[in-house]
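Next up is one chain by itself, shown in structure tokens, the form predicted on its own.
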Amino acid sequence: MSGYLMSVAVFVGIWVTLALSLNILTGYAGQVSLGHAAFFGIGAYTSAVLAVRYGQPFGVDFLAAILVTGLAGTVLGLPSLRVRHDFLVLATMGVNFVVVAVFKYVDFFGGAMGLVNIPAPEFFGTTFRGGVPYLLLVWGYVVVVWLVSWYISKTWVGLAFHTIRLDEDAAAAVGVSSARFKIYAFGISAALAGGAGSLYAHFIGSVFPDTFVFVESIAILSMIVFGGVGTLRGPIIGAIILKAAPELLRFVQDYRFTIYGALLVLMMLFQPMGLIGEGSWLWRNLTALFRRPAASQQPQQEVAQ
């Protein structure tokens, strides 16, 4: 694999984790956020500050990025306790603008010039500067985030999220604390996005405020809507297609966000369950295709008996 394709695979892995993390908040708990890039940025800047200004190793940077971003998500998720639906979308959008403004206008974070010379991770004296080692590191984190998402979907926490997504009033009637579980959703989702931010910062070697702007939040949301909100497979497929395609088709790079917006509108109008979401046209046909051979083999086995 060439160096360019390796870099594309690393970027795709980072955005897969972002899509999976947002899916916990939006797909599981039903809290639509247009500020997820802010958590991505908080994780990246936490790692960058610790590495550049304080000389901390990658392990410390990475864990700190997860913890700080998780705490920030918990605090910034407080508006969700008072607002719902359209107003929550506006609130999270505002959070994104505020966070980017802090990065851009506070000198401690490097201002508009950002922070540079972020060192590559080192493990046992070996530097992970791109290539296969960093690719394995990123996709190892993808597996961790997927397992966290899967585990949540199988526990009572996931059931509470699902209940809140369907009807908050009904959830409250059966004793589910919407406030508490919304905070959980924001905190977990943000923490996982913070880890992705740390990996991004150490891979690129620099961070700039314009990387984490509002349109990037739209891109992340488009990935889970395109693939299938609330499923484990949807965000992965959505992120792979929407992140890899513009990278491999460079002539449409300038129209990336236009494509994301158009796909988001088309999906909401004609395939609201996403490309391979539960009940989508493609997923129904795929499952029917795999079930048909199994159904045709069963009568033959019965005749043989």
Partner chain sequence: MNKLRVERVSKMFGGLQALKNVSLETGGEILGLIGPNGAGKTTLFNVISGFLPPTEGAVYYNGHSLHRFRPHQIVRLGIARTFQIVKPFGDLSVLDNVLTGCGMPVYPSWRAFFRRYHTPLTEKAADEILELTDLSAWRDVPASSLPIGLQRRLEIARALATRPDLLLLDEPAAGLTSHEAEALAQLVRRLHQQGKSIIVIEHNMAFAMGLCERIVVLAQGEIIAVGPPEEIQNNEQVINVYLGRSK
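Residue numbers count along the first chain shown, from 1. Predicted model, so just to flag it, every value in this text is computed and none were measured.
Omitted from view is the form predicted in complex with the partner chain, to which the following refers.
- Interface residue among Ala171, Val102, Met93, Val213 relative to the partner chain in the model of the complex, by the heavy atom within 4.5 Å criterion: Ala171.
- Proximity to the partner chain in the model of the complex, defined as a heavy atom within 4.5 Å, singles out one entry of Phe108, Phe87, Phe123, Trp150, which is Trp150.
- Proximity of Val143 to the partner chain in the model of the complex falls outside the 4.5 Å heavy atom cutoff.
- The closest non-hydrogen atom of Arg82 lies beyond 4.5 Å of the partner chain in the model of the complex.
- Under a 4.5 angstroms non-hydrogen atom cutoff, the partner chain in the model of the complex has Leu159 among its neighbouring residues.
- Shown alone here, Thr74 lies farther than 4.5 Å from the partner chain in the model of the complex, counting heavy atoms only.
- Just one listed stretch, out of 112-120, 201-209, 177-185, 220-228, contacts the partner chain in the model of the complex at the 4.5 Å heavy atom level, and that stretch is 177-185.
- Scanning 41-59 for heavy atoms within 4.5 Å of the partner chain in the model of the complex gives no residues at all.
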